[in-house]
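Shown next as structure tokens: one chain only, the form predicted on its own.
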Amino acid sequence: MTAPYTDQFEAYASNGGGEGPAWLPTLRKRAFDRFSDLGFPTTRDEDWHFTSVTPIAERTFKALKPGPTTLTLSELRPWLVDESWHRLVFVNGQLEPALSQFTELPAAVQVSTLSEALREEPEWVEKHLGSLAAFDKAAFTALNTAFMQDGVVVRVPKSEVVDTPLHIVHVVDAQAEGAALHPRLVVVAEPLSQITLVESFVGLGKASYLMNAVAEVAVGNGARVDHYKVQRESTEAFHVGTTQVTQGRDSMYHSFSYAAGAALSRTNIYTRLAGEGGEARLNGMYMLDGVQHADHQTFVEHLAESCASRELYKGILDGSSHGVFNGKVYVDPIAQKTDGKQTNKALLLSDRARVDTKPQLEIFADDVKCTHGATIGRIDESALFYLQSRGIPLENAKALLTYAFAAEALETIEIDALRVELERGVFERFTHTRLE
């Protein structure tokens, strides 16, 4: 099924894809060869057992050559959360300077497109691009590395604190019908630095396309990165997102993944706690309806002493939708005094909706505290009866209980504006009432 991409890659490599530093075409070729060897994953692969990518594999998504956009700031505004944030806006994979604003960032903080960084700092990019997002066993990461068109590079110097979030907005419209987009994000937070990133993936209209995004995040000693991902793609689209993180001593990586769009989505978040005293918080929420399918995979590697990890994922499913959560925690023999907790909960609003969940612990140290739990259920009938007995109509009572279920996960969002925005989205989805 990978054969149709061979001609695409050869054409891409000979028509601009091979441009850049001397090492870049070699990296692309290695990645494409690995993709060809691996092929698309199947349900025979343990990590993809509950998610079939046949709808992706059976099609050939073509490279996109975006034309001029007519998108205006007023049309984009509903997706911006807070217009005071620094932001980079990509429309169909191409940066739109007129819609972006990131010149007010602290002078020491370096933010640029990937293409610009390749021109201006090729040696620095070579050191970091592909250093975390290994593609030897990951077909979609290999595909991204072979075809990555553009993306964002962020470098936060030592002890620099960026107070205002950096919002990276990927907008896709009707021009992207049948296309594949492969954005790349590289973040290096040097020791004692702090930054908050919000990635938004937005689909305008009903175009069917493949969004295959990869992020590499290096969190230095004593540094903190808060990383929010909001996926609201077209419900005809396919979304695969992979984030790979490495953490130094006493570092903090806080992730929140929100998935409400796409026909089929897969979100992989992997972090390596490589320095003593590091902490990872991986939280998320997904809302599905119709025949949507969403898969979240997390992998936390405890590779040093006295590290902590916390995970809370919640799903709300209606119609004939299907949710998957697979959370894996590995504790190395050297990682004594590990403290890990993983929780996954799902609420089924329909008899046809289903969830597959698979928490995994691999512990090779003896002085640890690790727990995991998973629950799948329906709305509490006694709570529903109580609300109705107080005069609240049935549909409103269901909506209130659903909203309450979501609140625990949403409360882990530490940006007020984003939390309010996503709370509004949950409320409107299940009450069918627009909040002003």
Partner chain sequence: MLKITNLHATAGTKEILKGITLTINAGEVHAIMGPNGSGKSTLAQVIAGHPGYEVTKGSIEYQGKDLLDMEAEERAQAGVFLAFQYPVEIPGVTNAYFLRAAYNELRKARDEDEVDPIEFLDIMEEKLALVEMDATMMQRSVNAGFSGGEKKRNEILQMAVLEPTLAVLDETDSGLDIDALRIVAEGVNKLRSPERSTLVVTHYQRLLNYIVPDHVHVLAGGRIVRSGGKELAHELEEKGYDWLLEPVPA
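Residue numbers count along the first chain shown, from 1. If you're wondering where the values come from, they're calculated on a predicted model, not measured in any experiment.
Beyond what is shown, the protein has a form predicted in complex with the partner chain; the following relates to that form.
Asker: Heavy atom within 4.5 Å of the partner chain in the predicted bound form: which of Cys370, Leu401, Ala374, Ile56 fits that? Just give me the one.
Answerer: The residue in contact is Leu401.
Asker: Which pick from Asn396, Thr26, Thr42, Thr60 sits with a heavy atom within 4.5 Å of the partner chain in the predicted bound form?
Answerer: If I apply the 4.5 Å criterion carefully, the residue I get is Asn396.
Asker: In the predicted bound form, does each of Phe140, Val152 and Leu185 have a heavy atom within 4.5 Å of the partner chain?
Answerer: No: no residue has a heavy atom within 4.5 Å of the partner.
Asker: With a cut-off of 4.5 Å between heavy atoms, is Ile379 one of the residues that contacts the partner chain in the predicted bound form?
Answerer: No, Ile379 sits far enough from the partner chain in the predicted bound form that none of its heavy atoms falls within 4.5 Å.
Asker: Is Gly391 part of the interface with the partner chain in the predicted bound form - any heavy atom within 4.5 Å?
Answerer: Yes, Gly391 is a contact residue.
Asker: Hey, in the predicted bound form, does Phe427 get a heavy atom within 4.5 angstroms of the partner chain?
Answerer: Result yes; Phe427 sits at the interface with the partner chain in the predicted bound form.
Asker: I'd like to know whether Leu387 contacts the partner chain in the predicted bound form, with contact meaning heavy atoms within 4.5 angstroms.
Answerer: It does: once the partner chain is placed as it appears in the predicted bound form, Leu387 has a heavy atom within 4.5 Å of it.
Asker: Please name which of the stretches 402 to 410, 28 to 36, 46 to 54, 63 to 71 has residues with heavy atoms lying within 4.5 Å of the partner chain in the predicted bound form.
Answerer: Single hit among the candidates: 402 to 410.
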